[in-house]
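A single chain comes next, written as structure tokens; it is the form predicted on its own.
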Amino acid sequence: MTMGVPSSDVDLLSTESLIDPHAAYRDLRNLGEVVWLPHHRAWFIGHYHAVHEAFRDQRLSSDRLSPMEARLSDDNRATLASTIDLLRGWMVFHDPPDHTRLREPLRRAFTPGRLAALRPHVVAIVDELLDDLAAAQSPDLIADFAFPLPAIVIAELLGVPAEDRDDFKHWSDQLAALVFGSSDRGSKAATAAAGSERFSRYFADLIERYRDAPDDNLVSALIEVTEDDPDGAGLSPAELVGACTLLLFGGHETTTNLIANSMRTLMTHPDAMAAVASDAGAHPLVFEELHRFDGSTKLMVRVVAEDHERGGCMLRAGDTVLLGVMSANRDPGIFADPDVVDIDRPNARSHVGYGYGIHFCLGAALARMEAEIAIEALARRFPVMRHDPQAVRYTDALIGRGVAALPINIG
């Protein structure tokens, strides 16, 4: 890097940063609009308006698979070949026009009516899980509630048989190191490959099953909108498998983290917990504020597609850029007293936790519905729930913000 370029030797995967990423992001914002991170060999953008602008800038590409593949050793590239083929069916790794082509069938299948009809069922699942949580000897909010809820919901939406759900947790965990950027991602190539192979084989079989005998689920809907595409630009068989795995993977991982992070926040803010428990409807933006304050996504990754100047720095084609959505959500220029939980914050919905523009999360409506039902029900049922912060195990991930275990005392 040239003289005068803001830079920081912060390690965003250090124990300190995993426990409290907000402190690191605050320091990075103070250094400038664009900061070079030598440890990660990447640029960091953490100011709200700069992140917004970066989301819209076509000079920043979502295709991080190609450069990642280029950096792999020959052995790892061969090991991960089928995994990368699977991930190429995920719209989140594409720019227009491919992103548009891959997203449209999902948008047409993922209808508001389908989600509205699902709401009573989500409430019933939440009630059942709360009973199980109350009966648990040593309750853990992740294992006993925050993971099962979205996993059950997305599996049922897709038409995945109940007896197969546990397999998906294992397969998702195998893929997570590659997708979310763990500190030892390279050493887990074989593990990620095993997970993607099982995902691909399973969904290929499931797709054939529902092609022969359609049912009321997302896989059948995707098959229908793909085969009936008026422009003849539907998904290929491999892309259809990719779309299903993206829905399953994204449909539970981030929602699990959002529920867990929101409850951690409420447990350390008893007044907010009491307000949600007594009358969440009186605070219509409380769930958006919880997401803003400590959401499920820390960073979104882009790759520089063409040389350009940004924030006084020259970004070169091939450079990695980290869009700090979690940092943007605590930008004091946008959110007054950003490190304070304000359940009536008037602009709480302005957070960018779901992305922005064409890359706004397709499943945001489902995630919001599940999280709101779950958080309100937990607060009402267990208003004095508490946890030991020292017992929380944070996941080793650069992109996602989550905890692997969250033991709780429900009172």
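The first residue of the shown sequence is 1; numbering continues from there. Worth saying up front: this structure is predicted, and the values here are computed from it rather than measured.
Missing here is the form predicted together with protoporphyrin IX containing FE; even so, the following discussion is about that form.
Though the partner is left out of this view, Leu290 does not reach within 4.5 Å of protoporphyrin IX containing FE in the predicted complex, counting heavy atoms only. Of the heavy atoms in Arg302, some are within 4.5 Å of protoporphyrin IX containing FE in the predicted complex.
Contact annotation: Pro139 falls outside 4.5 Å of protoporphyrin IX containing FE in the predicted complex, judged by heavy atom distances. Protoporphyrin IX containing FE is not shown here, and in the predicted complex it never comes within 4.5 Å of any heavy atom of Arg101. The partner is absent here; in the predicted complex, the one residue of Ala379, Leu60, Leu366, Ile343 having a heavy atom within 4.5 Å of protoporphyrin IX containing FE is Leu366.
In summary, among the residues Ala260, Leu246, Ala151, Met267, the only one with a non-hydrogen atom within 4.5 Å of protoporphyrin IX containing FE in the predicted complex is Leu246. The stretch from 380-388, 366-374, 27-35, 45-53 that comes within 4.5 Å of protoporphyrin IX containing FE in the predicted complex, counting heavy atoms only, is 366-374. Residues of 358-392 lying near protoporphyrin IX containing FE in the predicted complex, listed in sequence order, are Ile358, His359, Phe360, Cys361, Leu362, Gly363, Leu366, Ala367, the criterion being any heavy atom within 4.5 Å.
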